[in-house]
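Listed next as structure tokens is one chain, alone, in the form predicted on its own.
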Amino acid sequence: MEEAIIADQLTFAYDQLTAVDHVDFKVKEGEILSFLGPNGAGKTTTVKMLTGQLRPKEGKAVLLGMDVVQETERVQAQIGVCFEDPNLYEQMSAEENLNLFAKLFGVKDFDAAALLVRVGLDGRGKDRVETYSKGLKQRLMVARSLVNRPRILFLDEPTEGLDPVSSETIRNVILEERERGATVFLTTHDMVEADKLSDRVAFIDHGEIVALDTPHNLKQLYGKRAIKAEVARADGRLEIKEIILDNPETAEAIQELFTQEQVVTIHSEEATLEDIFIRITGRGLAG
């Protein structure tokens, strides 16, 4: 499997502030990579360099074998981009927005209505975008990023602030695109979303990648597995007891729990990506 994205020592600074600091990573064709980090960590700046909107101060980005700076137009013809802030033509309808971009990309026999169905906007294609809610606009933004059937899809916080239905619709589209063979580069500070969708995740903090692996491997390396039990006390109060798994004393502790305590509920628990990010960086993803 070939690399769809190669970031080689990518660096960018705003005046004296280094936003992205010599970042290295590769993304294979058909892979979903999530960039996890708090606001200001360098996620969006990285996307802008990868998509040719910012020129790196140092290093280079190679997409589909093409240098982004040297072959910007060729690269942009093969990618789809959806940023968090809507930049739609509000006075036009949804179909008109999509048809315009299809013409710009030179897409023939384009079916705007079918694409709107995919993102859950069937029946709203003739409506002006100014009448749309934030969730509907975000769905349309995702649809627009798919107009040219991109080989690489960049989604910057695609479900930020959306209702559960809109979020689930967009997540399903992301999985469908991977099934089609597209590479997906997702930036988010929603660790639950990243855990659900990603083949691998990269933690970025203060412009540097501090960890990059599969969610499973990161949990095994940095997390802890535990059992949490809710037990009833003699006075009727409930107390939470935690037993760490994979310790030599685990089996004995579980046996004591059931023989000596009145267990009300019990469930297993593993570290979340949020837990792991805090352990590595000392701060939360929303910070």
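Nothing here was measured: the structure is a model prediction, and the numbers come from that model. Numbers follow the displayed sequence, beginning with 1.
The same protein also has a form predicted together with a small molecule, omitted here; what follows describes it.
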property: Residue contact check: residue 163 to the small molecule in the predicted complex, 4.5 Å heavy atom; result: no
property: Partner proximity in the predicted complex: residue 50 to the small molecule, non-hydrogen atom cutoff 4.5 Å; result: no
property: 4.5 Å heavy atom contact, residue 190 and the small molecule in the predicted complex; result: no
property: Proximity of residue 59 to the small molecule in the predicted complex, heavy atoms at 4.5 Å; result: no
property: Interface segment, criterion being heavy atoms within 4.5 Å of the small molecule in the predicted complex, picked from 214-222, 234-242, 38-46, 63-71; result: 38-46
property: Single option in 176, 96, 127, 84 placed near the small molecule in the predicted complex, where near means a heavy atom within 4.5 Å; result: 84
